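Form predicted on its own, single chain, as structure tokens, below.
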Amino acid sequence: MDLFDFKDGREGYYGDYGGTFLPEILHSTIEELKRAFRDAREDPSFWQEFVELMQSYSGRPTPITHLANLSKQLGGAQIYVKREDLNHTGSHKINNVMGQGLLVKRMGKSRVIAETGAGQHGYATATMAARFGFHSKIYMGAVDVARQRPNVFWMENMGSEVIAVRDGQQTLKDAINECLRDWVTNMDDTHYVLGTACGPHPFPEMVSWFQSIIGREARDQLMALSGRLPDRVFACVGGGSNAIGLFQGFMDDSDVELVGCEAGGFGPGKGNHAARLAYKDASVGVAQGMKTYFLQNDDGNMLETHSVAAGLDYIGVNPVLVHLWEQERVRFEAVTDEQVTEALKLTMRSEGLIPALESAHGFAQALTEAASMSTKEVVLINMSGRGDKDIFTIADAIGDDHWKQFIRAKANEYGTE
């Protein structure tokens, strides 16, 4: 299945979703990006340059790890994990960022901007900017600045300016809005390094393409390790870049079930979660450059969201995944904060792995389902990032009083408590 073969002439649309909804002033800038991306996709040497860069700079290919202890403990399916946490900067975000960095060089621009929620994309962008010699500015909701201090520290020390956004809910959607405002006023020398497979075309296609390196590797690796394809593949879904990256390796295998794991937060109810599709609380709308499903009221105003994971509390979802969901090719499940915490503790104690809170949503759903599957079956989880960045939030969630006091002090410092 070629997700990006726009034979019907509706370039940038996946079924009814996607498109390019931007102010007229950005038209020439987005057209420039489309041309640069098309040229890169059609140039085999570009993908080779990208792969070689990721091998020499980020440590790809990342391995697959068999969770033998948990597989035995649960008594069900054999559990394997794609280790995107072992990338430089600790997550899958570096794949997309380094790819876009190569495009920025092609376009001859000197400045990059980015939004970030959990901080992993901002950290990766700051790394890329330092590597390529670009000026960089990172927009981050003030709430996320407070709860993701380790990543803010690294961004600043790599030379990026971090802007704490205090509008709205002070989280990811507000950071995206600020990036778009910046882009409008600095088009000539600036590229917006959008961090997930959302936004106006060509970003969903472009980010998905760079992230497809995950699925390409995973398919071959799992066949070598287990001698077969997985029965089910699990990935967390905020914007959806790590999920669509892994899923592309198995898109044409109808016997492989693809499962997207959204932030169930406190459970059903407006403002309690960010499960756009699993809880069916979202509706179709147009915002932030694209047509997709958003958590919004009847007037089209965006609702507040909640997740223990800063990278999953986004109001919208990748239009490619929405199209696949409507075709019943991808199943969506909601995972609550409580389930995430329990899965994280179990994984740490049984396997010595510390998934990021975002990734732990995939772990929680996969472990639940694996327990009731046959021992001959196989599941694959995308560990999209490691949990170092979440130390304060994890400590708070599991009841460490020392870190709770530290978190409150930081929240007061940034005026977000």
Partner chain sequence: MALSNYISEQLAAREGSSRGALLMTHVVCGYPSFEENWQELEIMAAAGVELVELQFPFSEPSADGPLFVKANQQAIQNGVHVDDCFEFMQRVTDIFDFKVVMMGYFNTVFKTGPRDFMQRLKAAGGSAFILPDLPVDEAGELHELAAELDLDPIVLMTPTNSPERLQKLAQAAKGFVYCVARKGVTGSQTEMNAEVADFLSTCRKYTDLPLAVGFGVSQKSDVDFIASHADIAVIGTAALKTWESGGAPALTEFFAQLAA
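Keep in mind that this is a model prediction, so the values were computed, not measured. Numbering follows the first chain given and starts at 1.
In what follows, reference is made to the form predicted in complex with the partner chain, a form of this protein that is not presented.
For the partner chain in the predicted bound form, the listed stretch (254-262, 322-330, 206-214, 186-194) containing residues with heavy atoms inside 4.5 Å is 186-194. Screening 78, 248, 336, 288 for any heavy atom within 4.5 Å of the partner chain in the predicted bound form leaves a single hit, 288.
Interface membership of residue 168, defined by any non-hydrogen atom within 4.5 Å of the partner chain in the predicted bound form, is confirmed. Residue 174 belongs to the set of residues with a heavy atom inside 4.5 Å of the partner chain in the predicted bound form. At a distance threshold of 4.5 angstroms between non-hydrogen atoms, residue 136 is out of contact with the partner chain in the predicted bound form. In the predicted bound form, the partner chain sits within 4.5 Å of a heavy atom belonging to residue 283. Along 288-303, residues 288, 291, 296, 297, 298, 299, 300, 301, 302 each place a heavy atom within 4.5 Å of the partner chain in the predicted bound form.
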